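Quick heads-up: it's one chain on its own, the form predicted alone, in C-alpha cells.
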C-alpha cells in the first residue's frame, strides 16, 4: 500500500484537484490519500478567528470569501446532478464555523483549542469536496476522519501523537475495510476527550507519515508544487537542481533549516520503518523527484546536498564575566526557555564561557527575554551578567551534506564566498556529525547569501539575466537583434549572460524550454509556430519559471501589459518599460509600482518613456540623488511632432508629412496621441513625477493645435479630416514664418504646473536648431539656474529606442 499526500498548492483549485485525482487513478496499488486545505485557506481561517477575537466584524467577509471559494470549487468539479449534497455539506460547515467565530467575537477570546477547531475546517472541507468529486467519477473509496484515528495529547496547536493508540486505530480502519482507496484530511487529530487538535503548520505531511508507518506502506509520496527537494529554494535560486536521493538525516537537516518541501516531523515515523519517501511534483508527475531513504545518492560529484535557510530569527546572547567557570548557566537558560515552550533552533558558545548564544523564532523573542531576565535576576542585579541581548531581523543559512565530513575546506569556501559579497556573519554552528554548517546573518542578506553559496558550490561564476519580451514589432525586433549581437561581448567583458527566455507579440507567445534560451537566429519562425498569446498565461509562466534575475521587457503601448507590472515586481521580476502607460497612470499607481520595486528588490526602469534612447530620466535621477533640486523643465519631447514641423512648409499637404512620419516609425500606432499632445503630456508628467512632484494628467494644460473634428472616427478618418483642414495647418505655418519663427510643440514644468502646446520659436532659442526627429530637454536646477543642463539627440526611431531599452536591461544586471 502507498500513502500519497497532496499539499495546498496541489489542491488550490478545481483544475489542480483534477490533476491530483488523475495521479491517484494512475496508481494500481492500494492507496491512502491525505490532502491539505485548499491553497491559502488555513491562513484565511486564522485571519477570520483573529478578527473575531478583535471584535472586527470583517471576519464575516473573510468567512464569506472562504465559503464562496469552496462552493465555486465544488461547482467547477462536480456535474450538476452531483452538486446538491456537496454544496449542502459546505454550507453546513460554514454555518458551524460562523457560530464558532461569532462566539469568539462576543467573548473576545481565541484559545488555542478554539483556534484548532476553526482551522480544522480547511482540511475537512477540501477532503470532502475531493471525495465528492471521486464519487462523481465512480472511483470507489472510503473517506476516513483523521480526528478519530490520530490520537494526541491536548497540546493544542502542536499536539504530540500517541502512536500506540493511533497505529492500532489506523491499522484496524484500513484492514477491516473492503476498499483499496482511502481519502483522509491531513493536519487534524483529536485528544483523549475528542477535542480537535492539530499537528502544527505543515502537519499534513506528518499525517501522511503517520498513516504510512501505521500500515507499513511500501512508500510515502509527498506531492507538492516543486519537483522534489532542491539544492536551494527555487523561488530564490532559479538554477536550483533537484536532489535525486538523500538520506533521512540529510532530509531532516534540510527541512529543519527552512526547506519547506517537507515538514520536519514527517521523517521520524518513516525512518523508523525504513519507508522510502518520495517528494514529487503534482504539475510534473512524470518527473522523478527526490527519494528519501536510508542513504544518499552514491554520486560524489556534489559534496553539498543542499542549501537551506530560516527567516525571522532572533539571536539571544547571554553574556557576563560571572559565567566563566561556573556550571549550570546553560541549564538554567534552557530551562527558562523551555518553561515558555520556546524552541531553540541553533546554539553556539564561546570557548571562554563568557557568552552563550541561541537562535529562536522572532515571534518568541520578547517572552524569551522576559523569561531569561527573570531567571537570572539576581546575577543581573549583581553585575555578574548583562541583561539578555536580543537581535532581531536575522536569518540562518545552512549547508547540508553527508559527504562534508570527508572533505576539508568546506567551511572556508562558505565563509569566503559570503565575505566577498558583503554578508556579515553573526554566529556560527556546526554539528558534531559534520553534516551541517550553519551561520546567522542579517535577514535582508539571506536571498543574496543563498544565491552566492549556490554559485560557489553548484554553479559557474557568470551572472545570468533572463529577459521576457512582450512586443516583437519594429522596436522589439531591433532589440532582439541588438541582444543577439552583443551576447558574446557581454559574456566576455562583463561576465553577463543575457538570455531571451520569452517573446510574445499580440498573437503568439514563445518560451524557452528546459532551462534553455530562445534561439535568436530563428525566433520569428519559432514565434509564428508558438501558442496563442494569453497575457495572464504569459505572466504566470514568467513567475513560475522563476529564473535567476528575471526581467519583463514591455515594448508595447498596451494598457493590459502595463497592468501586470505590479504582480511581477511583487515576485522580484524587474520591469523595463518602453510602454508609457504605467508611469503615466494615476499617481497612486505610479507610486505603488515604485514601492513594489523597492520592497521586492526589483527594478522598474522606463528610460525610453521620454526621449527614446536619450539619458533624460537617468540624468534627472542623478541630479536628484546628488542633492540637486529641479526648478524648471522645458522640452521638446515628441520626435514625431518635431519631424512633422521640421518637414512641413506648405509645399506638400500636412497629412502627407504625418503619413511619412508614421511610415518611418516615429508615431504611435494612432498618430493622434502624438499630434493631439497626449503623448507629450504623458512625458512631461513622467518627468515632473521623477522630479518629485505629485501630478496627474488632469493637472496638465494642453494648448492643442488639431481641430476637434480630427479626433473623430478611425485613424483613416483622421487622415481624411486633416486633408480637409489643410488651410488650418497652412495658417499655423504662415503665422510662425511671418515672425521668422519655427513651430515647436513645447512642454514645460515649473512651480508645480505643467503645460504643453504649439509655440513660435525664435532663432535665439535652444529649440530653434532642432532638426529631424530630435528631442531636447532643458533642466533648470539649483546648480544650473541660468544655463540649463541640456540633453539633446534623436528622440524617436526603432534603433535608438531599442538601444535605450537595452541599456535599461543592462542596468538591471549591474545593480
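Residue numbers count along the first chain shown, from 1. Computed from a predicted structure; not experimentally measured.
Unshown form predicted together with a small molecule; subsequent notes refer to it.
Asks: Note which of 238, 665, 202, 443 lies within 4.5 Å of the small molecule in the predicted bound form, where distance is taken over heavy atoms; exactly one does.
Replies: Result of the distance check: 202.
Asks: Only one of 37, 48, 756, 777 gets a heavy atom within 4.5 Å of the small molecule in the predicted bound form. Which one?
Replies: None of the other options qualify; the answer is 37.
Asks: Look up in the predicted bound form whether residue 187 has a non-hydrogen atom within 4.5 angstroms of the small molecule, and give yes or no.
Replies: Residue-level check for residue 187: yes, a contact with the small molecule.
Asks: Counting any heavy atom within 4.5 Å as contact, can you tell me which stretch out of 483-491, 468-476, 202-210, 699-707 lines the small molecule in the predicted bound form?
Replies: Selected stretch: 202-210.
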